[in-house]
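Okay, so we've got a single protein chain in two different forms coming up as structure tokens, structure 1 first and structure 2 after it.
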Structure 1
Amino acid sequence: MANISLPQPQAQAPVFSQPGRLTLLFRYLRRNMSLTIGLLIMLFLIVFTIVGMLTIESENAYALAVSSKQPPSAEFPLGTDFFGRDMLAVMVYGTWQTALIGIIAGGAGTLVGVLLGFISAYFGGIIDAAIKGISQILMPIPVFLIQIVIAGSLDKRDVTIYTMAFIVLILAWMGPTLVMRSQVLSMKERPYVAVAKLSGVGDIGIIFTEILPNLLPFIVAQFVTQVFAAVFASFYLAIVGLGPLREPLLGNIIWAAMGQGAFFNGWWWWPVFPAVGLALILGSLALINMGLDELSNPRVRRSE
């Protein structure tokens, strides 16, 4: 009787499941510690501000609201200042106002810079020469001096949060304009842009479907950079007494503490807490910007 060989079962190839987007995101954040720490600090500031605005009276952030010169205690966790302001309320509303100036000025400066950069690089010609020339002429001018001259020429009673944001915005568009111009000049020479042109896609379609999506990491990085610069500008304008003096901006609080000799009189909590808050804002933006550099710079980008 002939031997009948039965077919041997074949070994199945191992199946590898592709990790989900959320898993990849957490892996990336675990590797990019600068971005992770910066986002955590920013999240803490956002939660602190939102919870504070829901639980603390806004009037306590202004003068003559509470007893003055009280050290940190159960009633006033961060103490009060010489003018009778609750420092906890000051930190809540001052952090929000300082961030608001940065978001308005930084966002508007980035938007103007992106628009001018795209127009200059994509269409070229006289428009490109004019935008590039004006930006390069204005770049070396000390922005700090121009802002001091403009803020110093205004009546102190007319200076508001939005006035300060506008002063910071005036010269905040040159950097993003030149950065976006150089990136668009590089992008519009890529093969996929040439293919889109041959396919009959118009200029607007190429800008919004081919070039802009690839530049989003650069735009986000520029936005964070401009917000950082705007917050710092609002701080040094306030620290020299050119901000909206009635508002509890962190720079205004430090300027008032310096004027009253807070450290020499033993009121250490008055300048320390606003300085810590400002350091957290600037530090988180700096760390986020460092983390975003990996996304916007292919030379340092790493894959999971």
Structure 2
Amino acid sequence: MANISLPQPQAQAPVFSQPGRLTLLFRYLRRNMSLTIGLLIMLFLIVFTIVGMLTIESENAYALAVSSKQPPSAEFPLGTDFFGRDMLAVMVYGTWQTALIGIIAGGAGTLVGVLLGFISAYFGGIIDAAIKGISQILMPIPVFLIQIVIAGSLDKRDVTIYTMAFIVLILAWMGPTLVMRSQVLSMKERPYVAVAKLSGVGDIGIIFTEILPNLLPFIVAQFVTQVFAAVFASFYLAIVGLGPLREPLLGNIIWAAMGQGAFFNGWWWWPVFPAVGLALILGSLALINMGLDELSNPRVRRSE
């Protein structure tokens, strides 16, 4: 956490010259509740997944593994679903798979978006016009439509969570590009950038020392947004019958539960646990994002 860049380097000195770094970190975490809660949830999910994967057979997350429609009990702490999946195993493997799609598609999409956004806004001219133009043209076209065409034309045996992540990624960069571009555009008019320019700092230097640190909260926010988009995109593809339906992706499970009228039939545990799982994965990211906003802003940090 400590190497998150700070906008005013001179502010660093007084803060870190005190006791041990670790002590300081804990003190800080106690003040920054959203960061702490977010990290704790994420830690819980990681431990849950690792311990789960070591102790629970992956077969139990698939159909016909255990007896079906069992409410939570000592044998099945989270119950079993209509198809005979052990919901505990589903949560272990499904959480991992869902996070994987989100991180691959969201991370790569954000990276591309940040790069293009920077290039576009900073250099301007034809480059800007081209990048902005292409993004704006692609932006309004419902991504969903294109994903359906691509997913629908694949051999179903090739549809895995990785191909799914890739399909989502193809069209996940325009949003970050446009947002980053407008941010950089506004930021490069700021006095400190002008000062740096006057004092002879090069473009690259300005980007890395002046602009990037200030944009970090936005980049993280974009990443979180993209992870959300990726997870939901794979969910929506499941709804239209595409995507790796057999895999215990949390979205797949929720959709299957809804298709069987789970609430109406009283099998509440079937959709509820995956929904909680989704809320925890995405919520912890969002909380960490909120926490980082504070961390990266010295003034707010001081004021607490």
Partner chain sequence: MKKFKILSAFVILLLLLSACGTDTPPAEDPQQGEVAPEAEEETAEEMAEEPAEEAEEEVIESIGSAEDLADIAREDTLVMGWSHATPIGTTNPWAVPGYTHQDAGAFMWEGLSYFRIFADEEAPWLAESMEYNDDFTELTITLRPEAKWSDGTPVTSRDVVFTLEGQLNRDTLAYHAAFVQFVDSIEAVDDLTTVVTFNQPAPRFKFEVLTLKFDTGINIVPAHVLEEQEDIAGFAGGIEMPHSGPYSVVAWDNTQKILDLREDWWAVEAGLIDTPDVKRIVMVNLGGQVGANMEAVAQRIVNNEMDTALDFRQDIIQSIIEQNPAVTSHTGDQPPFGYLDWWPNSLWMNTLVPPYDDARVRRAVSLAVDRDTIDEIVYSGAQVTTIYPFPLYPGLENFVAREDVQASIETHDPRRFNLEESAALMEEAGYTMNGSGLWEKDGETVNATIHGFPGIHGDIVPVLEQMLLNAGFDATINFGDDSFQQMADGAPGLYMFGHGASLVDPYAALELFHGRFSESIGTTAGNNRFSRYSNPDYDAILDEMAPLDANDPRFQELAAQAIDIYWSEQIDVPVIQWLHRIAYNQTYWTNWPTADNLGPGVNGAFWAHTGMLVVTGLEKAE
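Residues are numbered by position in structure 1's sequence, first residue being 1. Everything numeric in this text was worked out from a predicted model, so none of it was measured.
Pair member which, unlike the other, is the form predicted on its own: Note: form predicted on its own is structure 1; the other is not.
I'd like to check whether K188 and A262 move within the same rigid part between the two structures. No; in the rigid-body motion between the two structures, residue assignment puts A262 in the other part from K188.
Give the rotation angle, in whole degrees, of the smaller rigid part relative to the larger one between the two structures, based on C-alpha superpositions. Treating the chain as two rigid parts, the smaller one turns 18 degrees between the two structures.
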